[in-house]
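The chain below stands alone and is given in structure tokens; this is the form predicted on its own.
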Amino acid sequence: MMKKSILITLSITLTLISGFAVSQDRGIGGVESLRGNTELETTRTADPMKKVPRDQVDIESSYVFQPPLIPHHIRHYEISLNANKCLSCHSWNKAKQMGATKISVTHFVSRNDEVLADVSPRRYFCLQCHVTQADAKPLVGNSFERVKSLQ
């Protein structure tokens, strides 16, 4: 009886392993992603960089509490643990002098709702929420419509 259960277990294990090997050969399984019809193991050329005009008119927010879009280039901006290039213009003490928008007071509130003297660590990495405006077509279809007014 024990030999029979060992053989059944071994048989099931081999079947699962062979099924996994076959599924690996199928690649992407016919599903096209944003990478296109490219295998994961294959390196493809990068898409061209989106054109971001030097300075442009602000695009209106589409919804309440949407993080503002960045209306200028940010290529080569360092945002790391040691530096944040955005703060060189948008910090409270430099924004007026630089003609830039001050960062929101919400960026000075900690996770525990404590008001801080400096930017909260959870708001320090600007590009987690803010992106540059670019003249780019949507990646997927979208039927979103802006709210006409908030009453």
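So that there is no doubt, residue numbering starts at 1 and follows the sequence shown. Remember, it's a predicted structure, so these values are computed and weren't measured experimentally.
The same protein has a further form, the form predicted in complex with heme C, not shown here; the description that follows concerns it.
This chain lacks the partner; the member of S33, S88, T42, N93 within 4.5 angstroms of heme C in the predicted bound form by a non-hydrogen atom is S88. Heme C is not drawn, but in the predicted bound form it has a heavy atom within 4.5 Å of N84. The closest heavy atom approach of C129 to heme C in the predicted bound form falls within 4.5 Å.
In the predicted bound form, heme C sits beyond 4.5 Å of every heavy atom of E114. Contact annotation for D58: at least one heavy atom lies within 4.5 Å of heme C in the predicted bound form. Residues from 59 to 98 that approach heme C in the predicted bound form with a non-hydrogen atom closer than or equal to 4.5 Å are F65, Q66, P67, P68, L69, I70, P71, H72, I74, Y77, I79, N84, K85, C86, L87, S88, C89, H90, M98, in the order they occur in the chain.
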